[in-house]
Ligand SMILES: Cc1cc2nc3c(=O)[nH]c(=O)nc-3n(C[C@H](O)[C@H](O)[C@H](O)COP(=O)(O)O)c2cc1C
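This document opens with one chain alone, in structure tokens, the form predicted alone.
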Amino acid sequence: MKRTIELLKENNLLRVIDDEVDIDLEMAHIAYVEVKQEDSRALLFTHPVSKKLNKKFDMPVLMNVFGSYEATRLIFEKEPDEIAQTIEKLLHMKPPSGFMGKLEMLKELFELKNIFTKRVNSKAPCQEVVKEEINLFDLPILKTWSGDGGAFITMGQVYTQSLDGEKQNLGMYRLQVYDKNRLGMHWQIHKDGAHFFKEYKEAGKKMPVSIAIGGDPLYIWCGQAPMPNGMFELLLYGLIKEKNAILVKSKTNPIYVPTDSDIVIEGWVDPSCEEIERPFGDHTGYYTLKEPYPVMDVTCITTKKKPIYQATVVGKPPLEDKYMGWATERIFLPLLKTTTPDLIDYRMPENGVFHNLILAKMKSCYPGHAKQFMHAFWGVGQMSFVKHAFFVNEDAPELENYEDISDYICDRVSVENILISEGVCDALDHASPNACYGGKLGVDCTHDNVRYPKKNILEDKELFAKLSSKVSEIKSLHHYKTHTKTPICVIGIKKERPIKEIYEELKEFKDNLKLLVFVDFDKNDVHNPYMLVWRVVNNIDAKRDIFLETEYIGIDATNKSEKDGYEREWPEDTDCDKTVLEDLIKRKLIKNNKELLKNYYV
């Protein structure tokens, strides 16, 4: 961690804040705004305090370590595409021909010895200090949002093992601090940690868990990487760094953790005990609701002599996970191609919160090929959580060129090219009618087969006058992509009834409209496409909220309630505390960039 800090300093990618900054909201708000800057840097808080606990910490806090493309490249020590090429080469390794070919393969296989972890028995740096008293409140654990149920560890590397000890797992899960020696274990049901937990629960045995914080930042990235089921994520660390991850056994359980971790929290989880995890502002930009999760009883805390606490903040994009997700997307392309060999490239935009939106370029070889891809994607590992997928042909613009690729897509949207299905959803998805299961949208944009005449597009002012005279709930309107075959009309609604009724009432204006997107007027700026994408893909369930008629498509991206037949609790947005924000601006810890704050709904 100290080497990383020096590296960031040398490259002008670190901002050191020597002011006293509160771990309750203040640090998170500074990090939240910083990473949205064009020249965002990692943040090192040298004087953390807790006004609530009346406490000062001698442990610095590092945030936004993955806060830019440059910083992410420094941590990986190479380009993610270079790592992807290595993986692709391994996947296509063939028996060598000739003596020289065998020598070359021998060299490649010898280099693979660095992939596997190594265990040591000696005392490790992460165990230089063994805390005499277990007290989680001695660590500068942040509360990031005002609606959070308390303080949460957000950059914890959660190490577990299967019941027989044969398999190991590293996951990145949030961990709520319940009291001085208990943590909530947020295992989502689809993850390996939860699968191990099920084994222990069925056997009636307590499960060992160790949580490492700090050390090489690449560990935490490995913890969120979509590795194949049963593979230890630290194998990926060895592949990338070309050196073994060195592990040491925890003091009070059998779990092995990296020797260079700054902090290690050890303990056991009793499968018979659960506790309600209170709300938490998550990477979707919404709070996740109260739910029961297992509890870890902490048995030991060890640290380096001078540890550094690592944390992150998640909420509305763009944030640090933008750059972590970019690396994941690039590196795992070859593995995705093994299931879909005609895949050329893909992107998971951060304002689509990764699992809610995917753009994929493919070589379309026959009718229905893209729809076949949709089913393949929805059946592959973590890709199965993707809610909305758009597939384009090999002649499409580069996927990262969002303006051109969206034009290409809009010229190829028709009811015939849309597939609505259903399947598993991420546990954080709030729009589906059932937890972890809901609608899926796939759009085949591989062929320019839209033959309907272009719409008669009116200026926004004239169209607003016509529509609002018919439907008084319409309060704002803006038309996008009017030069394409699918102009997108975003309508801000003061919602008083189901949107489907309004969609039906506006049919008389079909000559002027093709794709209508309804959003809540008081929550959205219809002129802000970046945040509109974020809102729409978060707020819809394809089976319930998409209305399809030839040349007249509606999308209900408003918040849902009982009047919409929605029976779950709809979560609130993660919004900054205005008082805290204003105080930080006054203290010059946050720049008063009004345009930036407005643009990202800060």
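Bear in mind that the values here come from a model prediction, so they are computed numbers and not experimental data. Residue positions are given as counts along the sequence shown, with the first one as 1.
Below, we turn to the form predicted together with the ligand, even though it does not appear here.
To verify the annotation, which of these, 532, 74, 314, 493, has a non-hydrogen atom within 4.5 Å of the ligand in the predicted complex?
For this set of options, the contacting one is 314.
Within 4.5 Å of the ligand in the predicted complex, heavy atoms considered, which of 393, 169, 351, 259?
So the residue touching the ligand in the predicted complex, by this definition, is 169.
Stretch from 393-401, 192-200, 267-275, 506-514 whose residues place a heavy atom within 4.5 Å of the ligand in the predicted complex:
This holds for exactly one stretch, 192-200.
Heavy atom of residue 377 within 4.5 Å of the ligand in the predicted complex:
Close contact is absent here: in the predicted complex, residue 377 is far from the ligand, nothing within 4.5 Å, heavy atoms only.
Under a 4.5 Å heavy atom criterion, is residue 225 part of the interface with the ligand in the predicted complex?
Flag for residue 225 set to yes.
Within a 4.5 Å heavy atom cut-off, is residue 361 in contact with the ligand in the predicted complex?
Taking the distances in the predicted complex, the answer for residue 361 is no, it never comes within 4.5 Å of the ligand.
Contact label in the predicted complex: residue 464 to the ligand, heavy atom within 4.5 Å:
No.
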